[in-house]
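Just one chain is shown here, as structure tokens, and it is the form predicted alone.
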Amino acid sequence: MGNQRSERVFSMPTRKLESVVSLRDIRVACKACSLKEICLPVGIDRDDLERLDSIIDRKHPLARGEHLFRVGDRFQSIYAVRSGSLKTYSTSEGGHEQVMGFQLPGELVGLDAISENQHPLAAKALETTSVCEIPFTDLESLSSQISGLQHQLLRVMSQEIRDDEQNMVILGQKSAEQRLAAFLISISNRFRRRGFSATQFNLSMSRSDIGNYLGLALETVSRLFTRFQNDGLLRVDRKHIELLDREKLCAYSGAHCSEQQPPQESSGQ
């Protein structure tokens, strides 16, 4: 994606300094992993981090088009996207595919399978994608033992629900132009939330997938990208997107444009 994730230090004021884990101190794969969304902001100590790391399976990368799981597969684990991206989708009896969402680095997939113990959607890699597999029974056990982990997991789930609610508003109340603008701002916010650039990123999903997700024809999506570029809102170079006037695009879309910036790196650790 062209943007390097910067190192950040997370600490808890009630912890002793020597027990706080920063990204620099982590010698296992968590130092570059999206699992920081679950554990690192909690400021867990080294022993707890090693316990968490011990249950994680860093799977071989998925090739583009390869499935992580399919509809009806038994639920055993949740997955954190380390790099690359996924799309989740359902398929109708007539074989029509409905895209339900896209998962980016730093995001979890598989949470919707917890209640029924099987996956209601399929997840497919949009590009070469690396994930961490976290067995759910082990995660449940650890979350009752590691202070703050359960709360952090619930916070991640809450964010997923919030994103879904915002997407319903986009699909139900906005024009075609507003839908695409709100989609781009949503992607921008999600990248920024995890430390990437909010104005330059790659859209790994096809224009057809975007249209499917937004309920728009492929021709409409292509036309709107051209219009936004002509209006000076963005620049498109194949899959690379540069938002030239993010605030104007925000205002036009009616999307949430002022999400909290990620914490800055501390120079004192």
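Residues carry their position along the shown sequence, with the first being 1. Quick caveat, the model's predicted, so the values are computed rather than measured.
Another form, the form predicted in complex with the DNA, is not on view; read the next lines as being about it.
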Item to check | Partner contact for Ala176 in the predicted bound form: the DNA, 4.5 angstroms, heavy atom | outcome: yes
Item to check | the DNA contact at Asn202 in the predicted bound form, heavy atom, 4.5 Å | outcome: no
Item to check | Non-hydrogen atom contact Arg70 with the DNA in the predicted bound form at 4.5 angstroms | outcome: no
Next on the checklist: Please determine whether Arg238 contacts the DNA in the predicted bound form, using a 4.5 Å cut-off between heavy atoms.
Outcome noted: yes
Next on the checklist: What I'd like checked is whether Gly232, Arg246 and Ser253 together line the DNA in the predicted bound form, meaning each has a non-hydrogen atom within 4.5 Å of it.
Outcome noted: no
Checklist outcome for this item: Taking the DNA in the predicted bound form and a 4.5 Å non-hydrogen atom cutoff, the residues of 184-208 making contact are Ser206, Arg207, Ser208
